[in-house]
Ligand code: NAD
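We begin with a single chain expressed as structure tokens, specifically the form predicted alone.
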């Protein structure tokens, strides 16, 4: 296994049997210790790799790169396509961006893949049959990181979900299940509340599932789904979900299986993939030779499979199982009943090396066969949609007097004029005008919905889908009148019908 730093000339050997080049970043805290242990095992197992180092993390943050990664490191990662990353420490204080989120979004790493398996009884868990994979959408949802403080009392975070984003990760989950012989894919959303964002994810899941009739497809609301993952994880095989939910439940499943320290993950895109342990940099134990390299080792095995060396990955994973069976455990896995020797980081990695070529006696052996990623998915083209503007939600910062919504409603009805009419006012999503309840608590943040003044708009209330269109000119004229009357509008959201269907949420009580 050849090692090359990012400062050496980029010269390929003349041999036609060139080993794949991968990027390695040691990271912070325990990163160097566990990376050195992992690379020593890969080398002993016969992995054919040329390694090029990229410098990222806390030191780079403090040099003035707000994302923790320099332009030179970007070039190395993009050139080599496969990236094995140690854990990163983000400095305290404002202005520092998440390196992981930056890399995932900048390089289009849309699918986060986290296998989770129990190793009972050698690693304590109540669920010996647990063997599942969480596949999480990696770029969208609330992790878009678009937040604003709009009034003195209210902040917002935008939840962005796209149809192509949903389809890519859902299709990846089904292709993953097919490739690895898994029989069920479960979708988890909160579409009983977020009917448009999570509703889209669920809708696309149902559409894609029909193309994989040999794979069972199920759906759970995320709250009961997370509870079942914690209480009956053996029910699940592959779980696919949105970004925030996936972040939470993948840590739940790792802990339920026995240890977050054992978990590895892949972040997969169309051209680049990043592999990492799911735990943090643990600076409190850095340099003490006690860190568990198993999470990063699992990630490295996912990388080997990705670049076409599954036999090496299988050999390493089975040696790791033998090490656990023999009771050689790092301190985080200590178990009075089964730990025979408490090993440090280097000693543990040497124990794995000594067991290369062996198969576990009690734990189920890993059998990857010839399966090799990357899994490729394609989003199906869709015809252009018909989009009709039918109204506008105007958000006001209004804290006058007793914050009486009836007072605000009467004034807005006067200002609306004839082209538009005020349909409702909500506060924190609850309708407070007309016919609101005095018990409803109101902040200084008001959503005021205006629709066409055409009487035909009332047909919607009678169960008909038609809503009279409005014009951008009518909306801008309304905003001008609000400004002239001294109202502070902080944002607007246009209301559309798309292909004849309402494409916005109703207010609670509307």
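Positions refer to the first chain, counted from 1. Please read these numbers as outputs of a predicted model, since none were measured by experiment.
The same protein has a further form, the form predicted together with this ligand, not shown here; the description that follows concerns it.
With the partner omitted from this view, the residue of 214, 439, 284, 336 that lies near this ligand in the predicted bound form is 284 [heavy atom within 4.5 Å]. With the partner removed from view, the residue among 128, 280, 327, 164 that has a non-hydrogen atom within 4.5 Å of this ligand in the predicted bound form turns out to be 280. Taking non-hydrogen atoms only, residue 313 never approaches this ligand to within 4.5 angstroms in the predicted bound form. The shortest heavy atom separation between residue 124 and this ligand in the predicted bound form exceeds 4.5 Å. Within 4.5 Å of any heavy atom of this ligand in the predicted bound form lies no heavy atom of residue 391. Taking the partner from the other structure, this ligand in the predicted bound form has a heavy atom within 4.5 Å of a heavy atom of residue 291. Stretch-level contact analysis of 404-412, 227-235, 80-88, 347-355 against this ligand in the predicted bound form, using heavy atoms and a 4.5 Å limit, identifies 80-88. Of the residues in 303-332, only 332 comes within 4.5 Å of this ligand in the predicted bound form through at least one heavy atom.
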